[in-house]
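For reference, the chain that follows is the form predicted on its own, supplied as structure tokens.
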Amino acid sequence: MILTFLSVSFLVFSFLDMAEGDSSAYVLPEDAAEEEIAAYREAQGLNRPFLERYSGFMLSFMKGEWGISAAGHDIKSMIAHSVPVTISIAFSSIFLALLISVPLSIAAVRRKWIGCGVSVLSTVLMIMPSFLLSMVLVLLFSVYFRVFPVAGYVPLSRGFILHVRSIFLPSLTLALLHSSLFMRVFRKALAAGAESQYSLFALSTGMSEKEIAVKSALRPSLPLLASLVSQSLSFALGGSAAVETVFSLPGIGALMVDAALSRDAQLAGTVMILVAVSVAFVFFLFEGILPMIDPRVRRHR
């Protein structure tokens, strides 16, 4: 994990250092004098060598001193404002994805014509870009039916219904993208379980199809489903920049995009390390939960 954090921060700093220009071009006015630009670069430490700036950033980060962004805002406050938005969307999208994919996968195993439809649906969702799917949902539910707002975020403190309405479309966008993977992989696992020797023997003994589906297909597939959930949750926490940008949500993804566009190495490095920490924590949590749902892992360990 330590190696991951160092690699992420070093790569972010390296890419921003190789990019043309720095944050002075995005913070100061276009007609700023050379003396004003030099004073800004001196105050921000932009004229120091790369390794000196990087080591200073890492030491400050480990002390909990995340500093000020290039625009003059406190980075801790900016992240504290963005984290609840991304977490709300991430967990809501996973819940909706399970609500969509699990029943369809079970039905696809039991009915061939449903299986064909699920295959087509998962393929279409898998090849569709997230920003395009976001726009389709906006046109359908916000412009045509006018059920949900086009953009914006309402915090939970202002009401549960308003909060859900503000995050439903971005959550549904990510949920549909997650469902494409869930349905393809989980359906294959269910089909393999349903065709196993145990299932055929249970069917010959008179056990109902529902009992066979739960005991020989659904239960052995739960570890795989948990693995898919952990991967999708990691993606939702760190890779929802396009969706947050389309729906004008002040989340971590949008904050990351703004930091990159403004060449703000301090803010970009801090956000990227926190995303790496959250992703590592999700996988660590999955490793702890896996033995509880899969006895084979406990025996192996």
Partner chain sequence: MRKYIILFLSFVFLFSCSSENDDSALDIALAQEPPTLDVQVNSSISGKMIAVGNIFEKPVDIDEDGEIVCRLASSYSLSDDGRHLVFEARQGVLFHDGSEMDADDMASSLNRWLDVYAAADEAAGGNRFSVDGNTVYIDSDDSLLMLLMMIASAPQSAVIMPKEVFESDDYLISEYIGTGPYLISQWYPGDYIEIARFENYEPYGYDKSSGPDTLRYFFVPDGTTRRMGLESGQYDAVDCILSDDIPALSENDDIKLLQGDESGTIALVLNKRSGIFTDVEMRRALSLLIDRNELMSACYGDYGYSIDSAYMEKESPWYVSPEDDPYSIRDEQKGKEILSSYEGPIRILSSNTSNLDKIAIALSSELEKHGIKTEVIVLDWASFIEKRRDASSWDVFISAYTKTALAQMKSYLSDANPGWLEDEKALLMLDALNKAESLEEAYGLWNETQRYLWDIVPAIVPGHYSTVYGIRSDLEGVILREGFYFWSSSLSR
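Residue numbers count along the first chain shown, from 1. Worth saying up front: this structure is predicted, and the values here are computed from it rather than measured. Rigid core (definition): largest C-alpha set, two forms, superposition within 1.5 Å.
Below, we refer to the form predicted in complex with its partner chain, which is not included among the displayed structures.
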{"query": "Contact residue in the predicted bound form, from Ile87, Ala191, Leu156, Val147 (heavy atom within 4.5 Å of its partner chain)", "finding": "Val147"}
{"query": "In the predicted bound form, the residue from Leu181, Ile167, Leu225, Val138 that sits within 4.5 Å of its partner chain by heavy atoms", "finding": "Val138"}
{"query": "Contact flag, Ser248 vs its partner chain in the predicted bound form, heavy atom cut 4.5 Å", "finding": "yes"}
{"query": "Contact of Tyr54 with its partner chain in the predicted bound form (heavy atom, 4.5 Å)", "finding": "no"}
{"query": "In the predicted bound form, Val27 touching its partner chain (heavy atom, 4.5 Å)", "finding": "yes"}
{"query": "His73 within 4.5 Å of its partner chain in the predicted bound form, heavy atoms", "finding": "yes"}
{"query": "Displaced residue check between this form and the one not shown: Ala32, CA, 2 Å or over, core reference", "finding": "yes"}
